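Before any questions on how it binds or moves, here is one chain, the form predicted alone, in structure tokens.
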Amino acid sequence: MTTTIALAGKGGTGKTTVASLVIKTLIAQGADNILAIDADPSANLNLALGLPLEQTIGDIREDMLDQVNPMNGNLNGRPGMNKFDYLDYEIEYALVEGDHVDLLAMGRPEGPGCYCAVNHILRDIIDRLGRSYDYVIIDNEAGMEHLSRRTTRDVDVLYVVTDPTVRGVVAANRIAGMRDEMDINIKNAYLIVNRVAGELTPALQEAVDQVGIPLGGIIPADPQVTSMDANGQALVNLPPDSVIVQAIESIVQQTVPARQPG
């Protein structure tokens, strides 16, 4: 049974940092079969995980559409291969395999034209691929409106990440409120306040208390993260005594259901 964890929040809140350290925590707990999906067009989860990235799903999608014959819908130069088989093959090839975690990056957004059929095929392929993993971690782009276009699977845990500002928390509350409008079932959702220096101010605490989902945890500001980001170092190499690593370990332990044997 696959456990799916998704992250949402406005841009710049540190979703990718949190996603990479959730993966680090799961691996430390013994998980060795994780699929990470970078659904942000900026595609930098690979850097946080210390993995290479040569091709994205967006590249594959555009390459395929360039090969479609407008007269008959067939793929030029690929007789007998339909769109599903083409995408299936190319996605398997684009999968970046690492130690304990594999990575797919969604990449660039769609260009002009209709992408509905292609996106439906992509979603089916990615869902099928995800069933072979114990955990699927989806680092989503800003907002949540694109999440159901990435997967049809239930989301076991949604982390809505915010910066430590009242405006950020209000935005996070709006994002969290969209979960009931999704075509997928989100079982549990939590607010994560990231990069907190010291205690929450009374105004910020009041804003947090008004959010329609429980507080999953507070992540302190960690200068080590800033330094490693500046030097292009993988965040999964943060030491176990890092304050941010310890904070995310605590969040995962309290919010991610323990996997049942078998």
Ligand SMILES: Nc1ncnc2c1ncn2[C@@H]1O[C@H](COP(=O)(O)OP(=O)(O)OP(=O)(O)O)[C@@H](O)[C@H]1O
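Given the structure is predicted, the values throughout are model-derived calculations rather than measurements. Throughout, we count residues from 1 along the sequence that is shown.
FYI, the form predicted in complex with the ligand isn't displayed, but the following is about it.
Checklist line | Triplet Asn194, Asp222 and Ile244 all within 4.5 Å of the ligand in the model of the complex via a heavy atom | finding: Every residue of the candidate spot has a heavy atom within 4.5 Å of the ligand in the model of the complex.
Notebook entry, point to check: Do Lys24 and the ligand come within 4.5 Å of each other in the model of the complex, heavy atoms counted?
Noted result: Judged by the heavy-atom cut-off of 4.5 Å, Lys24 is well away from the ligand in the model of the complex.
Notebook entry, point to check: Quick one: is Asn33 in contact with the ligand in the model of the complex, heavy atoms, 4.5 Å cut-off?
Noted result: No.
Next item on the list: Indicate whether the ligand has at least one heavy atom within 4.5 Å of a heavy atom of Asp229 in the model of the complex.
Entry: Answer yes; at least one heavy atom of Asp229 falls within 4.5 Å of the ligand in the model of the complex.
Check: For Pro239, is any heavy atom within 4.5 Å of the ligand in the model of the complex, or not?
Finding: Flag for Pro239 set to no.
Next item on the list: Select, from the options 197-205, 213-221, 50-58, 24-32, the stretch whose residues sit within 4.5 angstroms of the ligand in the model of the complex by heavy atom distance.
Entry: Heavy-atom contact with the partner occurs in 213-221.
Next item on the list: Taking the ligand as it sits in the model of the complex, which residues of 1-35 have a non-hydrogen atom within 4.5 Å of it? Please list them.
Entry: If the 4.5 Å heavy-atom criterion is applied to the ligand in the model of the complex, 1-35 yields Lys10, Gly11, Gly12, Thr13, Gly14, Lys15, Thr16, Thr17.
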